[in-house]
Each structure stands twice: as C-alpha cells, then as structure tokens.
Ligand SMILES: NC(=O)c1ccc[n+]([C@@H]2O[C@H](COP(=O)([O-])OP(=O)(O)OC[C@H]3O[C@@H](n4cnc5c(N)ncnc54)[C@H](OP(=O)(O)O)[C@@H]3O)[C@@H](O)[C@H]2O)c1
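Have a look below at one chain only, the form predicted on its own, in structure tokens format.
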C-alpha cells in the first residue's frame, strides 16, 4: 500500500512513518514546511491559499490525516484558538475539495480526532456514542469530524481515531506536564482524581495502520488503552519509572488555572473511556497497564 500522511513530522506522524519505513512501504508527506525525511517523498500545501501539490496523491491508497496545531502547546488566546481551528478544518476542506475533482481517489482516509469531544462526566464509562461536550475542545473536535465525514460522499472510507493522552518520551504529555518528575518534583494535579485515558505511542501508531488495512473498520474508534488511571496514579507511576521520589502535595487547581488559563480545562478533564469497540475489531494493544507502558518508554 502507498500512504499519504499529513502532519507526518508530528508526534504520531513520526512514529507511523518510522513503522512504515521499517516495512518498506511507500510514504508521502504533505507538509507546509520544508521538513524532509530520508525515505519519504515530501509535497507542499498551503491551507490558507488553497494550494496543494496534487502529485502527492499519485497511486496513494490511504490518507492518514493528522494535520493540526498542538492543543496543549500554547495558551488559548483568540489567535491561538483560530490557529487550532484553521489547521484542522481548512486542511480537511482542502483535501476534500481537491479529491472531489479527481477521478482517481484513495480508498480510505484515517483521520485523527480526540476524546476531548466527549462531555466531561467524571467516572462514567464513555463509549463512541456518548454525549458530546459543549466546550471549545469538544466543539472543535466535533467540527473536525463533521468535515472528514464528507469524504464518504465521494466514495472514500472514513475512520476517525479519537486519541487519548499519547505517552511518548519525545513529546506530548510526558515531555511537558510530567517533566518535573525527572527532577524529583512529581506532583498530582488538582485533586488528583481525574481519570486519564492514555495510550502508548507504539499502540497509537499501530492502530492507525491497523485501521488503514482493515477495510471493515468505518466510523469512530477510541484510541485508549483498556486500563485508564487517575492523575494521581499516573504521576506516581511516572515517578516510579524514573526512579524519582513522589512526596510533594498536589498542585492546587487555582494555580494551574492561573498558569494555563482556559487551556487548564484539558488538565481537569476526567474521562473514563472504553476501548471495547476498538478491541472488537481484532486490534491487540501491546501495552495494557500504565506501569508497563512507562517502563518501556523510560528504558529507551
């Protein structure tokens, strides 16, 4: 199979690309920067001027659509919110509008989404049909999914992967929010009781590739390991994996709100997400327990 990846240089895209190149698969990147990677053909696009190098679609079977500014990379100013929206919505629209005019189209698009779409319901078990939230992140994610649904109208199979907290040593949650643990300053956030639905970066990448090849998959799937944990337990296990102490009091919620502003809503989410539908496809998680996932990540 031949793959086209948007957002290929990001956390998930880089891992997917690495796995594909190991299998000697053909990989194209669609990028707005000049980033290149050995073994990958890079093509440029500009979502603000509606420009795209259509050579990127040549003989492509599957699009893996990951393009989007990082949700937790910066505080949510008005400009940042616009960037978060545009990077997802405009990129999806440009892909659709371009493919709609082409005779030869990829068979499938596997699009990133997020569990942030769900309404925050504390300990209630949430599945793919659970109630959608009404905050900024939920509205953004819902709008993104609605845009990618349009590909079904032009005969392209659509799979939406609602990602949980992706655990990787190189970027994302463990590099930012959990970074103090490396210096013996691990501390749970708020009351520490928020449920964190997580997934190891390897399982995350493998799920996208599994969905690309499994043509029976269609619609929405949660990308979370089967065993979510509280923020307290997550922090404790991070400290343990790093062989660091865990003794500090929790960081009060008001401090986190002062530091992160509206973006703190992501930190305080408590989402108990089920992976049952994903497992029923036949996908096997390699990392089921947070202890095993963190031990693997920090041994590297």
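Given the structure is predicted, the values throughout are model-derived calculations rather than measurements. Residue numbers count along the first chain shown, from 1.
Keep in mind that the form predicted in complex with the named molecule is not shown, yet the notes after this line are about it.
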- Among 56, 241, 47, 40, which has any heavy atom within 4.5 Å of the named molecule in the model of the complex? 47
- Quick one: of 71, 179, 132, 187, which gets a non-hydrogen atom within 4.5 angstroms of the named molecule in the model of the complex? 71
- Verify the contact flag for residue 32: yes if a non-hydrogen atom of it lies within 4.5 Å of a non-hydrogen atom of the named molecule in the model of the complex, no if not. yes
- Message: When the contact criterion is heavy atoms within 4.5 Å, does residue 281 count as touching the named molecule in the model of the complex?
- Response: no
- Task: Flag residue 164 as yes or no: does it have a non-hydrogen atom within 4.5 angstroms of any non-hydrogen atom of the named molecule in the model of the complex?
- Result: yes
- Message: I'd like to know whether residue 66 contacts the named molecule in the model of the complex, with contact meaning heavy atoms within 4.5 angstroms.
- Response: yes
- Item | One stretch from 118 to 126, 102 to 110, 85 to 93, 149 to 157 that, in the model of the complex, holds residues within 4.5 Å of the named molecule by heavy atom | 85 to 93
- Message: What I'd like checked is whether 210, 225 and 293 together line the named molecule in the model of the complex, meaning each has a non-hydrogen atom within 4.5 Å of it.
- Response: no
- Any residue of 1 to 25 that, in the model of the complex, places a heavy atom within 4.5 Å of the named molecule: 7, 8, 9, 10, 11, 12, 13
